[in-house]
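A lone chain, given as structure tokens: the form predicted on its own.
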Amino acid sequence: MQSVHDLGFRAQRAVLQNGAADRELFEYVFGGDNTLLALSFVLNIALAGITILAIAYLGRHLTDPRSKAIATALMLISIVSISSYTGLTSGLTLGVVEMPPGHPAAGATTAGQDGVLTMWGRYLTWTFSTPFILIALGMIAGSDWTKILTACAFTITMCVTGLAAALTTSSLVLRWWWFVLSTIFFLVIVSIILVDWTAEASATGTADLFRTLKLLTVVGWFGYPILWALGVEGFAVLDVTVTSWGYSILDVITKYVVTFVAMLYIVDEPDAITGGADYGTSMPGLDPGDD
């Protein structure tokens, strides 16, 4: 099994050395007949910006430290997204990857380069944003930090192996093996949400809210591996633009919609959400504001 360092080196070579320059990819997306593809990036930048401002406004009167912590996690989802989608828009996190023999898109060309357009920056979005989604969900469910951090570790591994699947050019079999590994890690996360956190939310008193959030999140998350399999990186049934819009719509549901649903509940600071003055302190009775 490759080390993380080896995987990173291969990713750098596959994307930065074999791919077109940032300027060429930017012109390919924004200067040609790819307006719809470009809009799938710009839409998320706009929505992420609106969501950040909305959280700041809605949370301006929060006083409970636990409510503030959940709101911060929700805001960081959009902060990561606006940064990552800016990378896609600028061409910085786009690449052209030549598919291995036997792949339906083998022999394709993009922007004058051999290969297909790979939006590897999306994996950066998911790697850094999904842990914050899980932190918010876990805290709302009332889970302990061991379970929350375990879910975060699995989601990072899921995204990294998904990136490996997208960038593997040596073997079609290995591309799909990385995809299978990523899917296994994904199912572990789903089981934590549907089984452990659902039970904990019932005990905590946030069952109604958590039911809505888990449906939006889990149903939306199942769309990602399906899109990968049907998109240009998998069976190439869907073209790059359709795949990108699919990912963007799923991001809207699992990030911004989930954020607003959760935030509208948190701003009222119900007893099931609040942690009290001692929350987050190492000494009972110490107000965090006194630090």
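All figures in this text were calculated on a predicted structure; none of them were measured in a lab. Note that residue numbering begins at 1 and tracks the sequence as displayed.
Although it is not shown, the form predicted in complex with retinal (RET) is what the next lines describe.
Residue heavy atoms within 4.5 Å of retinal (RET) in the model of the complex occur in exactly one stretch of 103-111, 140-148, 199-207, 174-182, and that stretch is 174-182. Retinal (RET) in the model of the complex is approached by G162, whose closest heavy atom lies within 4.5 angstroms of it.
Within this chain, P65 is remote from the site of retinal (RET) in the model of the complex, having no heavy atom within 4.5 Å.
In the model of the complex, retinal (RET) sits within 4.5 Å of a heavy atom belonging to P225. In the model of the complex, retinal (RET) sits beyond 4.5 Å of every heavy atom of T168. This chain is drawn without retinal (RET); in the model of the complex, the residue among I192, V96, A71, I133 with a heavy atom within 4.5 Å of it is I133. In the model of the complex, retinal (RET) lies within 4.5 angstroms of at least one heavy atom of each of the following residues of 114-131: Y123, W126, S129, T130, in sequence order.
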